[in-house]
Each structure stands twice: as structure tokens, then as C-alpha cells.
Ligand code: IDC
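The chain that follows stands alone, in the form predicted on its own, written as C-alpha cells.
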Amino acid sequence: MRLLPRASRRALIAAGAIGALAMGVTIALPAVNAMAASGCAVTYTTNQWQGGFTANITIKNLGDPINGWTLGFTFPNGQQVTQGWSATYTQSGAAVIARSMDYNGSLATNASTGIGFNGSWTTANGTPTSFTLNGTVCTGSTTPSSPAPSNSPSASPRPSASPSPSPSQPAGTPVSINGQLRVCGVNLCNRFNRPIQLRGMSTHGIQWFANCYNDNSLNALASDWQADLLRVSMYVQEQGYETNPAGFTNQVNNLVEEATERGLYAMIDFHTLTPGDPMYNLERAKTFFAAVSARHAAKNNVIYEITNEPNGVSWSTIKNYAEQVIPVIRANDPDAVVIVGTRGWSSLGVSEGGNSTEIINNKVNATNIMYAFHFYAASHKDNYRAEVERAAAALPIFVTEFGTVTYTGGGAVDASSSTAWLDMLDRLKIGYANWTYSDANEGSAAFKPGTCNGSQYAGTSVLTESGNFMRSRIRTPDNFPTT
């Protein structure tokens, strides 16, 4: 996120919040301020493979607002939680309890949150038949469901390994108009070989703000904001992918599917930041991009951002990383656009005293690629804009992340600098994703704190100053030439 060293975007969730549980082991959990729930509904869905499965659970509070929750259920067939996310899990025999994290414990009336886990089974997969929320049986109309179990070797593979084609796009959406994108010269071009600009929003870290990305919020992004793009920000460190590769891969895949259903382009952000050397995560990157590119190879709306903000390393190191990761994607998806981060927190080197000349003279040895640039408008002004203007004459650039505030993610909106930046990007047809489509308690967030505990996302009443500024800019008519 940042162009200079800084603390985490959000105080890190206490270590051990996501854990793997051994059979029969009970983990003591700290007390939370939990009130009785007077009604609830649960959706339980699974994707399974031989010997294991991933479960995704949506919890909807139908009663009074609650602050802290525990979800209880019982497995029917000797299943076992092996690793979970968005809750802490304890299991004793067949009984499982999932307890809320600090960021998703408050649920207003009719608010929902999502959690999940990977599990194993020895005889057959199955669905819990009863759920309780803070001790109250969930009897809402949302009913659990799962695919039919199978013990045969032909059982459905993990979703990350199964290509998932694009559904028919609603008429008039960005993807239905522009189709498969490609890099042409220094521009991003549509299926008519005409330069276009994509405008959209980036998620915050999905390990912290998964509850912000639901049907209502994504409908608002597509219809009310009239955005073209959802950037899915998957941290690798900071309690991200490295803690649960399968779980985070599934979260990313699910959000790509949600974007696809709405005719949005989906940018998969491998969100590396600390450490700044992308080679530290090279093997993780190869594993992750092999999985997601296989899953989405048949789609025409997926863009791959392979390293978020390299820092403290040379351009040659970043280039070496890119030239090892890109072939992994190309093996499955030869047509997709790939975006490579640049030196100095993706500042084209400016934040480390360099400039784009090092890239221009030593481009990544691959086709159909672009180079990332990031800025925070209150911190990065004329000298950064001048470098982008210069670089854009020689390099295809995508602003995969920027903020209207300072590089810390906080402070007031700098409307003057933000306007200058976006006017320039519009003129140069450089696409962008704003940080962030979340209700984080920081100036860069689009939503007021607490918004993601409710169901209202459209309109301006739930937006921060930054959110209102960005919604207004993104809603201006697109120029998607078709001839």
C-alpha cells in the first residue's frame, strides 16, 4: 500500500487467530462481550476433494444487534477442522465452536459475515444439521447445503484446480463491451483494439475485511458506482496467504467469480509488501498463480498483479522474479494481462531516488504485460506526476493502487492533488484502482466505520469524504470505443 516504510495498515490481529486443530484437542478461547442472539440463519456450502473439503459459512443475525458471537455446530460423519479463517475454532469430538475475531464480532440486525475452514473426513463428507449463534438455534430460512459426498477417486477436485468459464455477461457491462483485453503499445486495449481506461476499487486485506465483500456491496460497486474493476487484495504476509494457502486461494477465487457475475474485470493482487524482496515469496507465487490461473483460464476478465510493492531491492531482482512467475500463468492462461510491480513501493523507482529509465532500458522479457504505479495524493505530487507522464510515453502503466490521502492511509483527502492525478490518468488512459473499498478506520476507506456490519452500501450516506470523491469520479461516463 505504501510508498515509504510504515506500520501495518491495521493493527495486526493477535497471533494464533487462525489455527490448525488436532483431532480431539480443545483450545481455550478468551471471553468476548457476547449477547444472546434472538434469531439467526446460516448458509453452509462445501467444495470437496478426495479426503478433504473447504467449507464456507455465512452467518446472518436475524435478532437484536450483537457484539461478539460464537457459532456452534456438530459434524455428522467424523469430520475434522484442520485450518480455519475469519474465526477461531475449537473442536471436541464432533462438536465445533467458531468464535468471532475482533473485526467481525459486531453484527447488526440482518447483518451477515462470512467465515470458513478446510476440513478432513475419513468415511464421508456431510453437512451439520443444526447451528447455534450465542446459544440460540438458528432457524432462519437460509438452509445449509453441500454437494453430494463421494469416496471415489473421481470426486470433484479442489475448485482452484478446475477451470471455471465466464458466464454470459449482462449487456452493457464493462466485460461484455470490451471482452478480452490486451496490451497494445503503451495502452490497455479492448477486443476492438482500441485503448481504454478501467476505473475501479481495491479491496482491503481480505483476511481483515472479508465481511465488506458481499452481494450488496458488490452490487453497489457494479451498479451504483458503475465501476469497471475490482482489485482483490490478498496479502501474503500479515496473517495472509502464508498462513492458509488453500483458504486464501478459495477466497480469491470466490471474489473473482462474484466480479465475473457482475461483468467487472477482476485484478488478482499478490499483495507483497514486507519483506520487500519479491524473491522471498517466489515459490508461494508460483503455487498460487498456478492455481488461480488454472481456475480462471477460460475467463476473459482476469488480470494478474504478481507483486504489489517491491522495495529495498533492485529492478533486476524484480525483473528476475517476474520472468519466473509469468510463465506459470502463461502455461494456463496465455492471453491474460499481467502487471509487474516496480521499484520503490511501485513508484517506478521515484521513492528510492530512481526513475523509470531503468525499466525502459531493461523491460521484462514477456508480452502482454504492464507496469504498476502507486501514489497517495497528499504525499506524492508534482515530481511523481512528472515521472508518470514521462514513463507513459514508453511503458504501459496501470495504477493498481492509490489513495486520496497520505501514504499512511490516513489524514484528510487532498482533493486538489487527487483531481490533478485523476485528470492526468484520464487523459493518458491509464487505468486505476482506489484504496480502499472497505470500512477501515482510516481516511483512505470508502465507507464509514461499521458500514460493513450492515446491508446498505449504495448511495452517499454511508461514504467517507474519500468514498464520495471516488464514487463521483468513477460514475462519470466510460469511453469504451467499439469501432
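For every residue, the number given is its place in the sequence shown, counted from 1. Since the structure is predicted, the reported quantities are computational estimates derived from the model, not experimental observations.
We do not show the form predicted together with this ligand, though everything after this point is about it.
The stretch among 295 to 303, 399 to 407, 188 to 196, 315 to 323 whose residues place heavy atoms within 4.5 Å of this ligand in the model of the complex is 399 to 407. Contact between F289 and this ligand in the model of the complex is not found at the 4.5 Å heavy atom cutoff. In the model of the complex, this ligand lies farther than 4.5 Å from every heavy atom of S217. This ligand in the model of the complex comes within 4.5 Å of a heavy atom belonging to N308.
Among heavy atoms of W435, some come within 4.5 Å of this ligand in the model of the complex. Heavy atoms of no residue among R385, D423 and R473 are located within 4.5 Å of this ligand in the model of the complex.
Checking A222, L273, V338, I359 against this ligand in the model of the complex, a heavy atom within 4.5 Å turns up for just one residue: L273.
A heavy atom within 4.5 Å of this ligand in the model of the complex is found for exactly one of Y265, Y235, F117, Y371: Y235. Annotation for 176 to 212: interface residues with this ligand in the model of the complex are H204, W208 [heavy atom within 4.5 Å].
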